[in-house]
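First, one chain by itself in structure tokens, the form predicted alone.
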Amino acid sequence: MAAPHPSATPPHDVVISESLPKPAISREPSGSGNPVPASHTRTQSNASVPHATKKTMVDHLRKYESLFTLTPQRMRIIVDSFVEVLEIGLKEFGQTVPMIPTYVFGWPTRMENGDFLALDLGGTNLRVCLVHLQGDGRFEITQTKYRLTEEQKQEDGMKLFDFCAECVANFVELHTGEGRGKIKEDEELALGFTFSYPVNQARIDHGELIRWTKGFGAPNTEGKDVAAMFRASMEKYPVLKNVKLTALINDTTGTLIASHYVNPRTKIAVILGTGCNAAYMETVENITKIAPLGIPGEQQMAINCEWGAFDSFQHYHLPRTPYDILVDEQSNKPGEQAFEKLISGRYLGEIFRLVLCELIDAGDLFLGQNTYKLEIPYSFDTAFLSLMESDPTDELLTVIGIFTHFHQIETTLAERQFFRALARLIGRRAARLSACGIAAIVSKCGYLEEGCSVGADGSLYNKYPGFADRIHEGLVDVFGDKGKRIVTHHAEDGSGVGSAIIAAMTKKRKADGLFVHV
């Protein structure tokens, strides 16, 4: 890990080059009331395309620095508020940040061994895994992916689970036999089902779907026990007679357990990708809302935070810009998932696009050019921000390619330098807010003095340039030099290996007669 360089303000390493002066030009109103502007079409008189001036770009950059910069003082205020919200979620059901009990008790011993199945129902693929746990943090995995069609995601829920069972049956048939990576004939197999959609769980092998997300809409499923539906589907396949659904888990919980299995210093897991979430291990006496279950207070249980909902509805704590507010208002669930909308990969490109649309509407960018493609919501992918930040060329040729190839827009060097600086501001804010969430769990659990590792997964963490270093920088800004004791690392496969480890832990727990009612 590169040494963190704490700073209250973002780096000012962007030099804005000279460009052509901005001419006066009349603009047509959009007439739609939509906050994004109408297109601006090049006219015959504009032989050379006018662009923003040096002074304009510098002035705008200062404005957006003030809007998107998180000072250490503001970060500490957010962390304190975050801790309070986490604690309320442990005490009461129905909170905005729900702090969901997972019924995964304690850490793996790292001596778990044997063969276990894992089923991962993702947003685009279905994955079936055979995981051979070898103990001492070692494992082998054999897996097959099956593509989900849009039709399957919208068909009746029972049909969806029938397809899941059919894939597991095909996998078991294919991999039954003798030798390494094979399922032995008549071998009893525990299966962990990674079902990363909001569910109410009263026990680990049960879960009532609250609502579909990730583009799913399968009817006759919400409000029902998805574990029971999948068991009914498995019963249709004789080859699955020895497969038992043992645990229904969330991918973030699986990431926590898998990462600890490999690296015991791991105390927290975070997902930083299209969505965002965190999980950690809590003492049961602090989860007062499940006191009626009679579980001993000293016992530990993994908590699925669902922290993307932090500061939803009231919006008391997070510093939202006008662009964040627009993203929220125009989303399919206004008011909800406020934290996620500031930091997840689904929204960063849209925040960037809305800033450009504001500048276009004010006549400060792309005058005389047709900008209709930029006016399409979510047409500017977060991957473009990543590419702009990592452009190594003096002329910023990657940025040229993004705007000419995908949006048919010509740019000057001054504009491209501004775009990269804006991308850095938005990406850096996302990383520093992510650091606030991690710092809240560290503070709540008292991990700062001894330090800990954080298993991190997701496209932002894995692919966005400098994201991990910016998280570390943010942790130092919150905690001072002690923040260097909190180190993130690439997480293990939570939805495959983690699911299998949890199945192994649950099988042993119930065989030992521990908390069999959950």
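The term rigid core refers to the most C-alpha atoms you can superpose between the two forms while keeping them within 1.5 Å. So that there is no doubt, residue numbering starts at 1 and follows the sequence shown. Computed from a predicted model, the values in this text were never measured in an experiment.
Below: the form predicted in complex with a small molecule, not depicted.
Residue contact with the small molecule in the predicted complex: P377 places no heavy atom within 4.5 Å of it. Contact check for Y197: a heavy atom falls within 4.5 Å of the small molecule in the predicted complex.
Heavy atoms of K214 reach within 4.5 Å of the small molecule in the predicted complex, making it an interface residue. When the small molecule is considered in the predicted complex, G349 lies well away from it, no heavy atom lying within 4.5 Å. The candidate stretches are 322-330, 337-345, 434-442, 257-265, and the one lying within 4.5 Å of the small molecule in the predicted complex by heavy atoms is 337-345. Just one of I271, A247, L385, L117 comes within 4.5 Å of the small molecule in the predicted complex, counting any heavy atom, and that one is I271.
Proximity to the small molecule in the predicted complex, defined as a heavy atom within 4.5 Å, holds among P98, G207, P108, G275 only for G275. After superposition on the rigid core, displacement of the C-alpha of E350 between this form and the one not shown stays below 2 Å. After superposing the rigid core, the Cα of Y197 is displaced by 2 Å or more between this form and the one not shown.
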